[in-house]
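So this first bit is one chain, no partners, the form predicted on its own, shown in structure tokens.
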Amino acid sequence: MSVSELKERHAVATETVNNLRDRLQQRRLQLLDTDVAKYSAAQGRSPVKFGATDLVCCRTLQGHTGKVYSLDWTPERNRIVSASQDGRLIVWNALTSQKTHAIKLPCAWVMTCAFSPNGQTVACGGLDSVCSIFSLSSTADKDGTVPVSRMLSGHRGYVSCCQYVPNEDARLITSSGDQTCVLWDVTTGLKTSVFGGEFQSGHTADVISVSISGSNPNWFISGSCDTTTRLWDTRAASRAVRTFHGHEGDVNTVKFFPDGNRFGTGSDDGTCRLYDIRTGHQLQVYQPHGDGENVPVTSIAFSASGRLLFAGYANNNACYVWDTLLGEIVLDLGELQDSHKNRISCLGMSADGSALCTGSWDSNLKIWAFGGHRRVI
């Protein structure tokens, strides 16, 4: 069989697959006769109500001199690491607001940071296309420089996000502007698996965010500038398990729902969406009402039960709290006392769900605690 014949057969097969995909999508849309909000309203559910003391700012973490881009909690919930435009990682004691480490980075253009499960190391990455690992037990010099304990090199584009595999200090997943995600062996500094790239089931644009399932650490989701989100299994890197459509702009942030069967997304199209990984269906769209243009979503986080979705937006200091069942905004952190003075760029919920941390372009982080009669939602 000649090359031209192979190309022709490939083109025919591709067209057939695309037609089948379109038919499947149309059939799914026919079956989606309702969404979570409509069903919940029909069941008589009422939205979450917040009193004056139900969510309050209890700590302001001051120390960065540039925009805060990323943050992460330790599993034991008493420490936070943050990454800033000032070229430093700062490790905070969330209970006292004190800085325990201030690490000067070799590359100031940092975009992401993460704590290891045991809380002994932190990882970060950015425009240098490298994920750097720092041991918090290392001694810093007088300029605050801590030696890099491991450099994970191999991406051909910026490192947009990094996250340790739950309960595994030696495995970490990164996403990159080179359209791939990589599973790393931190001990050796080598790639274990590459997701995307030369595989047709991979993303076709920059990968911006990843989230690893807490209930099944072999699964993770990735959000991309190609407007899609993909589900991957680390045991089979050759193709994505499922691709999720719906957004009309870059997917900036993804986060697994607490039960591990669903996940949320935030996009440049101004919406947050909830998907079910078992059916591949979009369950709900969370979009603020208004006549203006869509404001990009920068970061999201779920409460411990999943009833609340916190979403930061690129306009001023807005951070809406959505009731995920009814699809309604029940609170705006930007309107509360002691709120941020600029865009909220990153969010993180503590492991026990008792506190939310927000990072902002105003160079500060704030810890919001559930109080009054409502300790955890």
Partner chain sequence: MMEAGSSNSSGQLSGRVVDTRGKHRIHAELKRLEQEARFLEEELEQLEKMDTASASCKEFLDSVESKPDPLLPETIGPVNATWDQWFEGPPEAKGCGCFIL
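Numbering follows the first chain given and starts at 1. Because the structure is predicted, anything quoted here is derived from the model rather than measured.
Beyond what is shown, the protein has a form predicted together with the partner chain; the following relates to that form.
* Asked: Of the options 111, 136, 283, 183, which one has a non-hydrogen atom that comes within 4.5 Å of the partner chain in the predicted complex?
  -> If I apply the 4.5 Å criterion carefully, the residue I get is 283.
* Asked: Should residue 205 be classed as touching the partner chain in the predicted complex when contacts are defined as heavy atoms within 4.5 Å?
  -> No, residue 205 stays farther than 4.5 Å from the partner chain in the predicted complex.
* Determine whether any heavy atom of residue 259 comes within 4.5 Å of a heavy atom of the partner chain in the predicted complex, and answer yes or no. => Output for residue 259 is yes: heavy atoms within 4.5 Å of the partner chain.
* To do: Would you please decide whether residue 336 lies within 4.5 angstroms of the partner chain in the predicted complex, comparing each non-hydrogen atom pair?
  => No - in the predicted complex, heavy atoms of residue 336 and the partner chain never come within 4.5 Å of each other.
* Asked: So in the predicted complex, does any heavy atom of residue 171 sit within 4.5 Å of the partner chain?
  -> Flag for residue 171 set to no.
* Asked: Judged by heavy atoms and a 4.5 Å cut-off, are 225, 234 and 273 together in contact with the partner chain in the predicted complex?
  -> Checking in the predicted complex: none of 225, 234 and 273 is within 4.5 Å of the partner chain.
* Which one, 112-120, 265-273, 300-308, 154-162, holds residues whose non-hydrogen atoms are within 4.5 Å of the partner chain in the predicted complex? -> Going by heavy atoms within 4.5 Å, the stretch is 300-308.
* Taking heavy atoms and a 4.5 Å limit, what residues of 107-122 are near the partner chain in the predicted complex? -> Not one residue comes within 4.5 Å of the partner.
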